[in-house]
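This document starts with one chain, in the form predicted on its own, laid out as structure tokens.
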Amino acid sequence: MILQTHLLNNALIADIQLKEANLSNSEQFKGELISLINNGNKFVVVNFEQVTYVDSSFLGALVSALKLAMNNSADIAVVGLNSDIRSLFQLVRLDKVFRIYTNTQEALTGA
């Protein structure tokens, strides 16, 4: 299992349990995240705190899940990006697509 989840207020927190988020685990990640959306969760906060490396296939899986979420009147926010991963999000303009917060508490308050 890639995502460890727990409810906090009105959000489902999904902690990624990987150091390297890449092609070898992107399909499983996508499946788990889509399952969370299909189970009726309207606000999922994906926590990258433990992740040190992300590749394009993993980002693609995240975008696919967001498309599904939007079609289901749900949303996905991202927290816990290290500086390299945050720079990658900015480089590929995902900072314009996802709401990015420093931590879970910030995401819950919509800061």
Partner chain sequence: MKKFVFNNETEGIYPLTVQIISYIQNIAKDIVDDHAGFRIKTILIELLTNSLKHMGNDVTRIGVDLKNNKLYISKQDKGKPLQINTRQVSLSWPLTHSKFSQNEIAIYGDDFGTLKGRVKNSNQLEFFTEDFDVRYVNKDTIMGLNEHYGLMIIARASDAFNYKHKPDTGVNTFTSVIELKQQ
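None of these values were measured; they are calculated from a predicted model. Numbering follows the first chain given and starts at 1.
From this point on, the text means the form predicted in complex with the partner chain, which you will not see here.
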Contact label in the predicted bound form: L36 to the partner chain, heavy atom within 4.5 Å: no
Can you tell me if T52 lies within 4.5 angstroms of the partner chain in the predicted bound form, counting non-hydrogen atoms only? yes
I'd like to check something about S87: if you look in the predicted bound form, is any of its heavy atoms closer than or equal to 4.5 Å to a heavy atom of the partner chain? yes
With a 4.5 Å heavy atom cut-off, would you call L59 a contact of the partner chain in the predicted bound form? yes
Complete contact of Q4, K42 and I100 with the partner chain in the predicted bound form (any heavy atom, 4.5 Å): no
Can you name the residues of 65-97 that have a non-hydrogen atom within 4.5 angstroms of the partner chain in the predicted bound form? L66, K67, M70, N71, D84, S87, L88, L91, V92, R93, L94, K96, V97
